[in-house]
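In structure tokens, one chain follows: the form predicted on its own.
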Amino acid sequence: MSATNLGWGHHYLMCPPDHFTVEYAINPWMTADEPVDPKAARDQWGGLVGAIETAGGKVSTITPDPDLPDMVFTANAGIMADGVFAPARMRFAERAREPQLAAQWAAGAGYEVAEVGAATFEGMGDALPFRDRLIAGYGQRTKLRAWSELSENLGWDFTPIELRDPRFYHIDIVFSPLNDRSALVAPSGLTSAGLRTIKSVVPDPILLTDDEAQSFSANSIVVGETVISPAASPRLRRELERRGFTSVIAPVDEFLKAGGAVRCLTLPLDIELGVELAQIA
């Protein structure tokens, strides 16, 4: 059976790394022992923008806040689907204001801003669409209850997946949709039940080794038939090419110091799940 390309992933919101530093530790990757090189971070961020545009994608930008060094990771700010933005509720106080600024940007750009529940959830870092549903992580930074609250409020269909390893604290580090049949999947970050669930939904998963997972290979984005990754082993490149993808590497080593890579730096704006908010209301 032939696969169909993703209908989304051609328009992303990104935040320039003007104020990006590692000032605190809220995941196992963050350490003050490796200070960020500001010039290298700007160059790598610009390289990712260039890779997206070369592949045929578009990038919009939000103004960074000098008091929010992690604002550069726009994927965590909320969930954007069907022209509706659901602002995240961050687990850590250091990032609590980011969703508010993203909601202001979304409203100014003409998107509808939705009401969300009280439970913690970290945006599209923990929710990525596959076909007509959102594969949604919980157990590290997001509460399971958040997905039932959002489903009730917005009508989106969530498939919850428990994350078991603190190194892989968001679903976007262990799961990345490629088309309507395939996805990158890192079993080492999932419970056995979570892996079974993903295999039941994804007909043709590419299972990553632990080394590939730790290099954030699953934290990739797809623009048409181009997969933009922070790293890809020769084996992974062959698997992607066998499925008709072109593999492009966008080094983001400076951002890995904060536990984020390509997917973390990008919030897709063009997802369509086919749910009308007015119908839910």
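Start at 1 and count along the sequence shown; that's the residue number. Remember, it's a predicted structure, so these values are computed and weren't measured experimentally.
Just so you know, the form predicted together with arginine exists too; it's not on screen, but the next bit is about it.
The stretch in contact with arginine in the predicted complex, judged by heavy atoms within 4.5 Å, is 66-74, chosen from 66-74, 35-43, 234-242, 51-59.
Proximity to arginine in the predicted complex, defined as a heavy atom within 4.5 Å, holds among 79, 173, 136, 106 only for 173. Looking at residue 249, you'd find every heavy atom of it more than 4.5 angstroms from arginine in the predicted complex. Proximity of residue 259 to arginine in the predicted complex: non-hydrogen atoms within 4.5 Å are present. Looking at residue 214, you'd find every heavy atom of it more than 4.5 angstroms from arginine in the predicted complex. For the chain shown alone, residue 189 is not a contact residue for arginine in the predicted complex, no non-hydrogen atom being within 4.5 angstroms. For the marked spot (89, 145 and 160), a heavy atom within 4.5 Å of arginine in the predicted complex is absent from each of the three residues. Residues 26, 27 are the ones in 13-28 with at least one heavy atom within 4.5 Å of arginine in the predicted complex, listed in sequence order.
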